[in-house]
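Heads up, the chain below is alone and in the form predicted alone; it's given as C-alpha cells.
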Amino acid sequence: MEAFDPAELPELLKLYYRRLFPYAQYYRWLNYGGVVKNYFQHREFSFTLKDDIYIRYQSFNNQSDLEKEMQKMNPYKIDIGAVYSHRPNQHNTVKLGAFQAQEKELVFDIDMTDYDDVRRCCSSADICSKCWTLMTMAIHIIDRALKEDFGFKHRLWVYSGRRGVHCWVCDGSVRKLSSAVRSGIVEYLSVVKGGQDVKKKVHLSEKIHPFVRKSINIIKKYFEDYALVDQDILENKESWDKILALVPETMHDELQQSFQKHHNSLQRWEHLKKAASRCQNNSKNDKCGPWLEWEIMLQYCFPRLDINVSKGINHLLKSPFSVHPKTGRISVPIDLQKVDQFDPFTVPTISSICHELDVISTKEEEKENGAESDIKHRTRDYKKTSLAPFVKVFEQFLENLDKSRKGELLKKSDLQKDF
C-alpha cells in the first residue's frame, strides 16, 4: 500500500474530491428521498481547512452545489450537523433565537482513548490489532441493542479513520427525537460509569437487566482471547492489582497468594472465578459469584460512549468518506455482516486510492487517447480503486432506506384510501 505523506495531502485531496468522492450516493443519503421540503438545503456542513481553519454553517442547494464547493475548498475534514429551521448559510440574517436545530440522525461516537485505563498494548491515539477487538465488541453490543431493544432499522457504522467508530441511526422517527429522549437512549446503553478517579466503574444489581445479560454473552465470545491472552490482564502484580481493586477486600489476601502461584492470566482468571463463587456461599454483604466476574468483564470490555455527541441535536460529527488528515485513511462504512473481519489497517488511504487511479488512468490513456472518454470514466472512477467495496456497503444501506421509505409512503396512501 502506498505510504501516506501528510505533506502531499493538499494535492491528494484535489484528486479525491474531483474524481473519487461518492457524491451521488452521499446526496442520496442526506436528501432522504426529497420527501421533506428543503431537508438537504437546511443541513449544516462544517469544513476544516488547512491549518485548522474552521468554517461552520455551510449549506448547499443540491448535489452539484455541494460538489463545486468541496472541489473549491478541498476540506481536510468534513463534519455533518443538524437540519435547521432555516438555511445554515443564512443564519446571520435570521432574527435572534429563530434559528434552531430541528432534526438529526441519532449518532454514537466510540473512541479508543476512552479505554486507556483498561488496555495495555497502546494508549492515546495509538491502536493495534490487540485492542481493536474493543471496537468489534462495541459494534456488536450497541448494534444489537439499537436493532432489537429499540427497533431501529437503519444503522450506518463508519470507521473514524484513526482510532474509533461512529454510528448514524437514520430512521425517520429517530431523526425527530428530542435531546431528552436521546439522553435516555445513551443512558440505557451506558454501563461503565465514573471518571478517571473512580476505580470501580461497574455496579450490577442482583436482578440483571436483559440488555446487560445479552451484552455479557457477546463479551464472553471474545473475553479469553482478547483480555486473558492479547491484553494479559493478570500478567503481573501491577496488572492484577487493578483487578483486585474491583473485588471485595475480604478476597484480596487469598487472591494475592494464589495469583503468585499460577503462571498466566488464564489460570489466574479461573482461580478468581472459583474464589468468587466460594465467597458467594460465605458472604452476606459482598456481591460475589458470577456478578463479580461479570463486573470485571464489563469494566474491561463494555463500550464507552461519548454521551455529549449523542445527546445534542446540533452536535457535529465527522462525515463518512472524510479523510483523516493524520493517517490519510478514509472514513469508510463498515459491513455489519463482516464486523469481525474488519481491519482498520487495511482501510484504503487517500494516497493508495489516488495511486491506483493514476495507474489505471495511465493505462486507459494509452489505450484510447480520446477526449470524450474522460467524461464517461469520471462518473465511476472510485469503482476502479479499493474504495469500491466500501461504497457498495453504503449503497446497500441506502437501498434499505429507500425500500422502507417506499413502504411507508404506500402505507400512508392505503390509509388515505380507507377514508
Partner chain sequence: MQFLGGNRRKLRLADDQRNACYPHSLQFYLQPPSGNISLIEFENLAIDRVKLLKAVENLGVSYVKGSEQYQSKLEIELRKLKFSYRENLEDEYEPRRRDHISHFILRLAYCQSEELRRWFIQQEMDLLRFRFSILPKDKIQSFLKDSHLQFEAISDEEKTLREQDIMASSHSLGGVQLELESVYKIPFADALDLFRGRKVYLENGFAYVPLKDIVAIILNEFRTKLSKALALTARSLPAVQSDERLQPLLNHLSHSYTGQDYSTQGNVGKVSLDQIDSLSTKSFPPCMRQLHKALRENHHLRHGGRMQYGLFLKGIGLTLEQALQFWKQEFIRGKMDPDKFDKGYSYNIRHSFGKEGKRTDYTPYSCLKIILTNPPSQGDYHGCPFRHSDPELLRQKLQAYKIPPSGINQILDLVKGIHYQVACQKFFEMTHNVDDCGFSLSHPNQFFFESQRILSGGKDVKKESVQPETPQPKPSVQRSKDVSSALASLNSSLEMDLEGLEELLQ
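Because the structure is predicted, anything quoted here is derived from the model rather than measured. Residue numbers count along the first chain shown, from 1.
One more form of this protein exists, namely the form predicted together with its partner chain; it is left out here, but the text below deals with it.
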query: Its partner chain in the model of the complex: contacted by all of P22, Y26 and R43, heavy atom 4.5 Å; finding: no
query: Option from 178 to 186, 229 to 237, 289 to 297, 161 to 169 whose residues, in the model of the complex, bring a heavy atom within 4.5 Å of its partner chain; finding: 178 to 186
query: Heavy atom of F152 within 4.5 Å of its partner chain in the model of the complex; finding: yes
query: Its partner chain contact in the model of the complex: F211, any heavy atom under 4.5 Å; finding: yes
query: Interface membership of E148, its partner chain in the model of the complex, 4.5 Å heavy atom rule; finding: yes
query: Close approach of V191 to its partner chain in the model of the complex, 4.5 Å, heavy atom; finding: yes
query: Position in contact with its partner chain when the complex is considered in the model of the complex, options K95, K72, K207, K338, heavy atoms within 4.5 Å; finding: K207
query: Residues within 4.5 Å of its partner chain in the model of the complex, restricted to 99 to 114 and counted by heavy atom; finding: none
